[in-house]
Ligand code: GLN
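Only one chain is shown below, in C-alpha cells, and it's the form predicted on its own.
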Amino acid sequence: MTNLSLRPSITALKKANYSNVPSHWVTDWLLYVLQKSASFLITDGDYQLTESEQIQFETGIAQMQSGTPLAYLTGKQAFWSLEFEVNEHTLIPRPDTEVLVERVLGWIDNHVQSDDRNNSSKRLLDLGTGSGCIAISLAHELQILAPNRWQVTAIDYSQPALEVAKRNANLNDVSHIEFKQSDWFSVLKDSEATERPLFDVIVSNPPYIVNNDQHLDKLKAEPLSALVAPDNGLGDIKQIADQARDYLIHGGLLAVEHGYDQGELVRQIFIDFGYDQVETIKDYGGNDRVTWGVYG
C-alpha cells in the first residue's frame, strides 16, 4: 500500500499499473471513491486523495485483484438504459444480454403489436431473473410500447436474488411485475388457479456453463448456481425448452441466452421439442448468444 504521507494525485493513479484489474475498473472505482464525474479526472489531475479516500481506493483495488468484480464494490451495474443494484446473490448484468432484450422487443413489435388489433392483455415470463435486469428492462420498454397492456412475471429460485430484483423494480419505477420464488416452472404448475397460466413470450438467461470450464475461475465471486448447469451446460436449457411448451400460447416465443459455442446444440434442442422458426442470434462480439423459437 502507498505511504499515506505521500498521497497520490489523480494523474499518478491513472498512470499506475494494477495487475489483473482492467484499466476502466480502476478509473470507475476512482470516480466512485471521489464521488465525482468523469470530467473531474481531466480537469483536476493534480488533486491528491485524502487519507480516507486513499485507504478506500487501495482496499478496493486489492479486492479486485483478489477476484471481486467492480460492480460488487459499487453495488450497481448499468444495463440497457437503466441502473441495477447487484450483490453476491445475483449475477452481474452483461452487455451481451442486452441482445436478448433488444431482439425480443423487436419480435414483439413485429409479431404481437402489429398483428393483434383487439388490444388484449399480454403476458411475459422471465425465468431465473436474478437482479431482474431482463424482466425490468423489458417491462420498462413495453410500458412505453403498449401502456398497461403487458404483465411481466419474474421467477427465481433464490429468495435473496428476488429481493434484489424487487428493489431494482422500485429503483427503475417499474410496477407491473409479479415476482415469484420457484424452481423454473414449479410455482406455475402448483398454482391453485383453475387454468394453467399461458404466456406470449418466455425468456431466460439460465445457467449454461460446464462445471469444469476454465472461465469459471474468473467468475468465482458470482453465485455458482446461476452459472453452472449439468449435461455439458445444457441441462437447464433442455428443461426450459421442454416445459415451456405447456406455458406458451399458440405461436408464443421462447428465447434463451447460452454460451458462445452452444448455438448449434441449442437450436437442435429447440427443433427436437417441436419449435418452429428456430434462429440463433449473435451478440455484439459476433458470437452465438441467443436462440429462439416459436411454439404451436
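Note that residue numbering follows the sequence shown and begins at 1. As the structure is a prediction and not an experimental result, all values here were calculated from the model.
What comes next is about the form predicted together with this ligand, which does not appear here.
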Would the site accept this ligand without a clash, i.e. open, or is it blocked, meaning 3 or more of its atoms lie within 2.4 Å of backbone or C-beta after superposition from the pose in the model of the complex?
open
Checking Arg167, Lys180, Arg94, His111 against this ligand in the model of the complex, the residue with a non-hydrogen atom inside 4.5 angstroms turns out to be Arg94
Listed residue that, although this ligand is not shown, lies within 4.5 Å of it in the model of the complex (heavy atoms), from Ile269, Leu34, Leu227, Ile240:
Leu227
Would you point out which of 201-209, 154-162, 81-89, 100-108 contains residues with a non-hydrogen atom within 4.5 Å of this ligand in the model of the complex?
201-209
Determine whether any heavy atom of Val174 comes within 4.5 Å of a heavy atom of this ligand in the model of the complex, and answer yes or no.
no
Do Leu219 and this ligand share at least one heavy atom pair within 4.5 Å in the model of the complex?
yes
Note that this ligand is not shown here; using its position in the model of the complex, name the residues of 235-262 with a heavy atom within 4.5 Å of it, in sequence order.
Glu257
